[in-house]
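Shown next as structure tokens: one chain only, the form predicted on its own.
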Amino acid sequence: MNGGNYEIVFFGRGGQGAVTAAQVMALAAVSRGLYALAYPEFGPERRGAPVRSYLVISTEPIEVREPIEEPNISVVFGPDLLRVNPDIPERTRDYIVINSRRFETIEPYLRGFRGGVVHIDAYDLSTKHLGKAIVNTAMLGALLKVFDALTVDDITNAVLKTFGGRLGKVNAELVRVAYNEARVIK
């Protein structure tokens, strides 16, 4: 992280854990001595409705709290969210971290995007490790492929603090597995 603010937007659906993912990252950043601010934006507050969660991590105090229009990284919890938010590629400055079963299905939505792409099948990994497709911790592992201000250990420690017990342990392990499985495409 080269000084200043680093901005990330998590695009998810209610129940996928986008808000929790931003909060876990903020906790990890603060534990690392950085400043962090995580805040959600909800449409209809119901399971399955589109959700955005904003995260700012900085080496300086953060004084502005507003929607992030051009994030450094967009974390997209499912390919359908590229259809709902077709401007994600044109607004994202550096990387898009995307969850989909097959990269080929999302490739058309990314044409013209000049940044890098991190692909992961977080559905499969979370189902194997958690027994259900709650993809937030898998997406955090994939995000760490291109976000070096925090380490896998920073995130797993924050996951353990957030979830505790057995749930914390399986989610912390999922972060590690996802980090190893994620592929940087460009």
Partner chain sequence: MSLITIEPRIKRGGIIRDRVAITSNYAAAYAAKDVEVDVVAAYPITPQTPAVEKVAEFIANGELSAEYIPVESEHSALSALIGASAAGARTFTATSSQGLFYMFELLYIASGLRLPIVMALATRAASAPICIHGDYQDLAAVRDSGGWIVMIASSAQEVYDSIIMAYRIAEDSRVLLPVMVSYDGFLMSHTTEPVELYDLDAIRRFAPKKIDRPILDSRRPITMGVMAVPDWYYEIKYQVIDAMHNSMGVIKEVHDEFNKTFGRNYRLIEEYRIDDADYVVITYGGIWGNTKRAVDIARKNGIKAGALKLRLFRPFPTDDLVRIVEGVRAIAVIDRAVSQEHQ
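No experiment lies behind these values; they were computed from the predicted model shown. Numbering follows the first chain given and starts at 1.
This next part talks about the form predicted in complex with the partner chain, which is not shown.
Asker: The partner chain isn't shown here, but in the predicted bound form which of Val152, Ile134, Val30, Leu160 has a heavy atom within 4.5 Å of it?
Answerer: Going through each option in turn, the one that passes is Val30.
Asker: State the residue from Ile68, Val51, Ala36, Ile120 whose non-hydrogen atoms include one within 4.5 Å of the partner chain in the predicted bound form.
Answerer: Selected residue: Ala36.
Asker: Thinking of Phe103, Asp124 and Met139 as the candidate spot, does the partner chain come within 4.5 Å of a heavy atom on all of them in the predicted bound form?
Answerer: The answer is no: none of the three residues contacts the partner (heavy atom, 4.5 Å cut-off).
Asker: How about Gln23 - does it come within 4.5 Å of the partner chain in the predicted bound form, if we only consider non-hydrogen atoms?
Answerer: Residue-level check for Gln23: yes, a contact with the partner chain.
Asker: With the cut-off set at 4.5 Å between non-hydrogen atoms, does Tyr6 touch the partner chain in the predicted bound form?
Answerer: The answer is yes: Tyr6 has a heavy atom within 4.5 Å of the partner chain.
Asker: Classify Tyr95 as contacting or not contacting the partner chain in the predicted bound form by the rule of any non-hydrogen atom within 4.5 angstroms, answering yes or no.
Answerer: Contact check for Tyr95: yes, within 4.5 Å of the partner chain in the predicted bound form.
Asker: In the predicted bound form, does Leu130 have a heavy atom within 4.5 Å of the partner chain?
Answerer: Close contact is absent here: in the predicted bound form, Leu130 is far from the partner chain, nothing within 4.5 Å, heavy atoms only.
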